[in-house]
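Only one chain is shown below, in structure tokens, and it's the form predicted on its own.
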Amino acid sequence: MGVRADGGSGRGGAPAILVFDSGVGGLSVLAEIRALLPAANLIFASDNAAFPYGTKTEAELLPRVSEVIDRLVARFTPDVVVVACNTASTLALPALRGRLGVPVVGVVPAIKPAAMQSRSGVIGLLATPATVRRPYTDNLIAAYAAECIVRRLGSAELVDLAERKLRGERIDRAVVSGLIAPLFEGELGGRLDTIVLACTHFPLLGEELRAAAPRALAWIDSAPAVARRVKAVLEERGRSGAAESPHPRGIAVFTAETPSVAALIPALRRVGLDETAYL
């Protein structure tokens, strides 16, 4: 089961939504979209040949993201593109929106809702190394959390752990605890009450992160808001996908054929991605 041979969903049928990430963290976003738009045809695309994005430079990433998404749009003609990667979104959204003839929805750190929710005014930003140092992130904090203290922590290791968990490997919670410990150091760490999960991989480690935290915290995941935005964009274009569809289509596309892809098949099927292909 998959998208039509010509890639398109057909303008009279259910909408096609392309969800793009460097790895498989975007599955956390795709699951929210599937829950909100059960009739939609979903194409999940992972640029695993260039994974991880979070350790690469802007000069490396911008042409790479543009090239891969251009090829995906040409092949699958989606109704909307979701860049389900904070690192790619904070870098490439303006360029993509200026060039693609299809709406682009990005995933960016949920600084605004975190600042509104925090009672102590001390927020943790858990992201990739690239996202924590991006000027885009600086601007979000300046615009929406100027009155807060934002402790930033970039971790490529957590991204790798999330990928391993999806492949069925056991995750050592002590390792997770050690990785996030810097957020809770000192007097400010004792006041921190809200953490932004600014990488789509991190909600996949939700259970482990909550167990590793020294106390109960608010964890902010932007995936539900992204799904609502996708629905709104489709409704604006008359492509809401609200009609009943007994066979919504799902395909996972990878840029490299590796043993890790085969290990992901059970996780892909759990979110309705029954076909695997390569770009």
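These numbers were taken from a predicted model, which means no experiment stands behind them. Just count from 1 along the sequence shown to find any residue number.
Another form exists, predicted in complex with a small molecule; not displayed. Remarks below refer to it.
Undergrad: Out of 142-150, 166-174, 67-75, 82-90, where are the residues with a heavy atom within 4.5 Å of the small molecule in the model of the complex?
TA: Every other range fails; the passing one is 82-90.
Undergrad: Taking 43, 254 and 273 as the candidate spot, are all three within 4.5 angstroms of the small molecule in the model of the complex by heavy atoms?
TA: Not a single listed residue reaches the small molecule in the model of the complex, so no.
Undergrad: Going by heavy atom distances of 4.5 angstroms or less, which of 125, 159, 205, 114 would be at the interface with the small molecule in the model of the complex?
TA: None of the other options qualify; the answer is 159.
Undergrad: Is residue 52 close to the small molecule in the model of the complex, meaning a heavy atom pair under 4.5 Å apart or at it?
TA: Residue-level check for residue 52: yes, a contact with the small molecule.
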